[in-house]
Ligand code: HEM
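Next up: just one chain, as structure tokens, the form predicted on its own.
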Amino acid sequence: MSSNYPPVLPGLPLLGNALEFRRDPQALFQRGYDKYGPIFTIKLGRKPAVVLVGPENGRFFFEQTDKSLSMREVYKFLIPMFGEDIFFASGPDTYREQRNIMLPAFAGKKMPGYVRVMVRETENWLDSLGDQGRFDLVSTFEKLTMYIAAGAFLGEDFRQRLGDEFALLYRQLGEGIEYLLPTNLPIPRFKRRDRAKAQLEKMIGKIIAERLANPGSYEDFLQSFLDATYSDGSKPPERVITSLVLGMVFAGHETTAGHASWGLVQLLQHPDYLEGVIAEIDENLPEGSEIDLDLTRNLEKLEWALKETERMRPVAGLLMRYNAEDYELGGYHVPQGWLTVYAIGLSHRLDEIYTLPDVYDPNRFGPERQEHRAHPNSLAGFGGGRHKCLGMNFAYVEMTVIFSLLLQRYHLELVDPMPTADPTANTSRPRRPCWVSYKPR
């Protein structure tokens, strides 16, 4: 066994690299990579964290999750939001059971119904815009993706039942995410988080109770959860179903809003490529026609653009695990009790994988190049391995629907042509307000 630990990137006394990690983790990782290569150590306060860069190290990271690497300890910040036995905050066996009851909700036969929700909510938004004006991209996409997620997860009549309060409560819930500070501190945003959670649980619990009392024919996520059983044949408790719905709605809009915002920013910054995307939309979606699932699969240029955004602006630029066991990697010994971080954002910009990685070039995903096929983990914006995001296909279809209807109707321009990232956001997104002006095509 090697006794050679990964080299440590210098930091501040006591705090180590924690402040830079909080402020700009990608710059921190780049500095460590430039100095030491694809494996090095940072200090988050007193806690050592080994940073892994590159798809080969990513393969180790994903394959060892639930083995030498554990998710539960690092996702404890989710417990105040969703409960201690939900999703990544649960143990591997519980997570596996919950993943299995979520799988039917993402089955292909359900997607046409979800597409109807996506179209309806997008058209409702577009109809509210009028002929010309401007909108704040991030706030608008946060609200739109929230309505789509809630409509697909809770039923198509949710807006009449829950109204705008639902979106406001979710924003307050998300403000309670905290990676470094104790999550039980009596500070205002944590108090708002707890109040929002209680109100959301009450709202969702009421819908569940009505469904159980009056069974009907529903094609949404909630019904899939209510119909599901664990491997032993038992039914998930209502408390678990409520928490799963809370978590799925949150994940469904939090990440998609960021991805879609950066996706539109990058398209508007590259009008030559955007012209080809619009031509493809016009060809496949003539005026008066309806979007369906098959049509979304024909918009290849748009798909490549969204993949390029996933590569250049992944909503989660890093993933983290707790070292449940010692391990050896790259000639280094990494002890139990440390953390392991996979630097997704930096790994997406390695020139041994991608040609001119800092250049926006969606055609790299086209059939003639397919640079992301160089390694299974070359594109990991939705994770990898057995924990790859179940909602990836849902998110891509959703963004395709939104962009198709928006670009079919309006000519768009960025008011600020070079928006910057919001350093305070939980997931990557432009700093708000990010104004987009629009006028009829």
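One-based numbering along the sequence shown. Computed from a predicted model, the values in this text were never measured in an experiment.
Omitted from view is the form predicted together with protoporphyrin IX containing FE (HEM), to which the following refers.
Among 322, 75, 365, 354, the residue placing a heavy atom within 4.5 Å of protoporphyrin IX containing FE (HEM) in the predicted bound form is 75. Proximity to protoporphyrin IX containing FE (HEM) in the predicted bound form, defined as a heavy atom within 4.5 Å, singles out one entry of 101, 71, 265, 285, which is 71. Residue 394 belongs to the set of residues with a heavy atom inside 4.5 Å of protoporphyrin IX containing FE (HEM) in the predicted bound form. In the predicted bound form, protoporphyrin IX containing FE (HEM) sits within 4.5 Å of a heavy atom belonging to residue 248. When protoporphyrin IX containing FE (HEM) is considered in the predicted bound form, residue 383 lines it closely, a heavy atom lying within 4.5 Å. Mapping the unseen interface onto this chain, residue 82 falls outside it, with no heavy atom inside 4.5 Å of protoporphyrin IX containing FE (HEM) in the predicted bound form. Residues placing heavy atoms within 4.5 Å of protoporphyrin IX containing FE (HEM) in the predicted bound form fall in a single listed stretch, namely 255 to 263, out of 255 to 263, 125 to 133, 275 to 283, 235 to 243.
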